[in-house]
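Here you get one chain, nothing else, as structure tokens; it is the form predicted alone.
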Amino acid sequence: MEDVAYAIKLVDIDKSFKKNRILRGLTLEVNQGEIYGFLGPNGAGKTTTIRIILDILRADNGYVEIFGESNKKISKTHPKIGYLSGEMTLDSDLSGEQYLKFVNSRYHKKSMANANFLADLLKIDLKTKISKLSSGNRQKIGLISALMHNPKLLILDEPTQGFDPLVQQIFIKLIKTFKKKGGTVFMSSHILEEVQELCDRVCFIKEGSIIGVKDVKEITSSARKKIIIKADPKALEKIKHQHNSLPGLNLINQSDDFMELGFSGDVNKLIDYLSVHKIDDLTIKEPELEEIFIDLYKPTKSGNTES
């Protein structure tokens, strides 16, 4: 049933723990071949949603489909899925190689050659016992176990916790390659650079409800950048009095030796505008996606959120 357009479909998912309602009518579709970001503050319901997709938890209401099959048919859906959580907590006397052979046996595939290739790429010794590995290296074992059997769908929950910047870049290349081969990714991450570089669409969840789904390029191109300027007080006063002359530039905060501004528009015009002022240091920060969504989908006067 893989001729369906979506890889994941959630319809009207509710989930409560005792009297605490975690998910409220959650409905979404992840298209085949896309990288779908799933973002929100701590406690929003992200990990609960992922556990329901994987059938680790059962929803109180609603249903989940993976490539057109009920996610409860795990013998059909799980071999198509690779999963990596943010914390590879396995404390085992098994070596990395022994653990991956065990994982491989569950899929009835000859995937150890792929596992060894990934281990070389990630520079990890599979002969070492997992219990003796650092958290970052345990996370590498988790990434290998998620990818080694060539799944059609990757589900990633804060996948790069414990990775250093170099390994994060290797991770990004692996995910891009996975997508080029037709794979689908559903990922939760707090790392802006990962989301902006990898995701096609981003869904933001707050208090168990989806408050918006947007194309990442659409969001970042229209969002306000944060401009931080360090200069002497006279230069800052000139910028303050003249900043209204550049459309899209507004003052956020100012002290004796620095100024913070918001800007949306052509960055080249911003640079031209600032070039006539004597500036000691300039920082341009991309907006946090969480801030963007809170701004885009804040309640309207009628109490509804924008869509």
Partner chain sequence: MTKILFQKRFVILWWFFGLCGLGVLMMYFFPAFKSGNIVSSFSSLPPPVQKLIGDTTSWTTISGYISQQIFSLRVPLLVIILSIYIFSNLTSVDERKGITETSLALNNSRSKILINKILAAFVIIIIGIIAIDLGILLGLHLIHYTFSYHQLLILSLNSFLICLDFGLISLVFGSLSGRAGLTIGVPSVFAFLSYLLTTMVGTVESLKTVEKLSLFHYYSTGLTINKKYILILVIFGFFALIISLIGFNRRDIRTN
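Since the model is a prediction, treat every value here as computed from it, not as a measurement. Numbering follows the first chain given and starts at 1.
Although it is not shown, the form predicted together with the partner chain is what the next lines describe.
- Proximity to the partner chain in the predicted complex, defined as a heavy atom within 4.5 Å, singles out one entry of L153, V103, I229, L133, which is V103.
- Screening L94, I170, I191, V213 for any heavy atom within 4.5 Å of the partner chain in the predicted complex leaves a single hit, L94.
- Taking the partner from the other structure, the partner chain in the predicted complex has a heavy atom within 4.5 Å of a heavy atom of R58.
- The shortest heavy atom separation between H277 and the partner chain in the predicted complex exceeds 4.5 Å.
- Interface residue remark: Y83 is counted as part of the site for the partner chain in the predicted complex, having a heavy atom within 4.5 Å.
- Put simply, L90 is close to the partner chain in the predicted complex: some heavy atom of it is within 4.5 Å.
- Across the options 230-238, 205-213, 70-78, 109-117, residues that bring heavy atoms within 4.5 Å of the partner chain in the predicted complex belong to 70-78.
- Contact with the partner chain in the predicted complex holds for none of K176, Q196 and Y273, as no heavy atom of theirs lies within 4.5 Å.
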